[in-house]
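Before any questions on binding or motion, here is one chain by itself as structure tokens, the form predicted on its own.
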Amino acid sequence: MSDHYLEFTHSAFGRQLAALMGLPAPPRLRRATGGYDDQPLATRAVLVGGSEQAQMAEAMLGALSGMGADLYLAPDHCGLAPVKAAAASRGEALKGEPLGERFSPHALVFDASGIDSVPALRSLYEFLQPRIARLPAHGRVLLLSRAPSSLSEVGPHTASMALRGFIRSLAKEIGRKGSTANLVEVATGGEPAVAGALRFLLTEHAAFITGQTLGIGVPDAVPTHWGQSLFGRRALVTGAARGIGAAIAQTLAREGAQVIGVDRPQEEGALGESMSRVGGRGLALDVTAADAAERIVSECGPLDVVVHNAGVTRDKMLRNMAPHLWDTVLDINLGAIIRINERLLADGLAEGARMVCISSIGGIAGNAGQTNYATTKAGVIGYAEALAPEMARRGGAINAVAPGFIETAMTAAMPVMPREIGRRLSALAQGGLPADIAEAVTFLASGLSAGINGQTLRVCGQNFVGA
């Protein structure tokens, strides 16, 4: 469904009226129109900086240079020495930041690792405060740091946690321009995996992701090429007939995956259409059926990617909720995932397989009338955390994606006022599209997310509910 208010505020009259009345004017986000390529930041300026004890400058510069970025160095800041040393080690030529207000780089990237005290946090302020007003529309801010859990000393742990609050607040400041701000926390030894995360977060593939923290562990391997990263991989997507599931199938196929879509027998016609568009094949079955897991294993062969997207809502206040409404939601949204995975883990997965489960911000914040739904979506988050060590032992990973307000048939059926409130209640002041969820799933299903395991990535435009 179209966001008529967004479209109105981008008309000549609507723009004037919104400005006159002080109404929000949601930005028209720039989303990816194709797959990943080798140099997504070619010809784009990126300004880099770091703390005085920056530890990841070499990984930062390597990732940005590999993306084709035109690299500029902020002069006279406390991280000048480690960034220059990293550039010299790499043989990297950095340009000095041009003086004047006309210089507005696409991204501001700061290595905040090594910040170990309250006074050291000043380096972050000094780098960003003079420049944030010049960040262009649809620009990017990205911080690199060490994860608090890896820091045993009080000062570094405290400072690392402080960065999370900083990035959430900054994202809300710049969201009205369609710009995003995110934090990547890197374990010691996880530096080789930084490149994949930056290719996602600094490009249009992550247009609806802001104010988030993404953790990177030590990867088993990192990609040697970026385009068609799922070429030849066999991917299963449940709930693939329409909406978010169909978008996921399309985006996985864009990156080279061979897609098998699953949906209820009643949706066989729509499933066939969805799969024909991506050169995939459909498997009509109910994920709650007693033989669902066995059929998936016998008819699909070893799977490289599994996306658990199938889900339903049956909303009622708990006092009015009939037992079957509870049981139906619990079985489809959570029970089926666990049962299917138990069978896949026996002998249905290829080596290094990756799983992605669709959760919801409803499972993080809760919603009145959704005790059943929120229970399952919080359970999905816990399930991904619990299964992560086992998937790591197999050379793979499992993660979750938590959508916010997404423009689907379900949200189109909402009453007008709740729908408009849901759209505007985020840093980006609009709902997301199924393609936004699909981009996040594809990132987590591919080698670009090497080192990321057991995490939940919110794709919600930094929805203020549960932020």
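Keep in mind that this is a model prediction, so the values were computed, not measured. Residue numbers here begin at 1 and follow the sequence given.
Keep in mind that the form predicted together with a small molecule is missing from the display, and what follows is about it.
Peer 1: Contact check in the model of the complex: A57, F110 and P156 versus the small molecule, with a cutoff of 4.5 Å between any heavy atoms. Do all three pass?
Peer 2: No.
Peer 1: Although the small molecule is absent from this view, report whether Y36 comes within 4.5 Å of it in the model of the complex, heavy atoms only.
Peer 2: Although the small molecule is absent here, Y36 would stay clear of it in the model of the complex, with no heavy atoms inside 4.5 Å.
Peer 1: My question is simply whether P403 lines the interface with the small molecule in the model of the complex - judged by any non-hydrogen atom within 4.5 Å.
Peer 2: Yes, P403 is a contact residue.
Peer 1: Verify the contact flag for V312: yes if a non-hydrogen atom of it lies within 4.5 Å of a non-hydrogen atom of the small molecule in the model of the complex, no if not.
Peer 2: Yes, contact at 4.5 Å.
Peer 1: Given that the partner is absent here, does A409 sit within 4.5 Å of the small molecule in the model of the complex, heavy atoms only?
Peer 2: Yes.
Peer 1: Have a look at P105, P219, G175, G243 for me and say which one sits with a heavy atom within 4.5 Å of the small molecule in the model of the complex.
Peer 2: Contact residue from the list: G243.
Peer 1: Taking 4.5 Å between heavy atoms as the contact cutoff, choose which of A353, V287, V259, V184 touches the small molecule in the model of the complex.
Peer 2: Looking at the other structure, the residue within range turns out to be V287.
Peer 1: Could you tell me which of 194 to 202, 176 to 184, 81 to 89, 372 to 380 sits within 4.5 Å of the small molecule in the model of the complex, going by non-hydrogen atoms?
Peer 2: Within 4.5 Å of the partner lies stretch 372 to 380.
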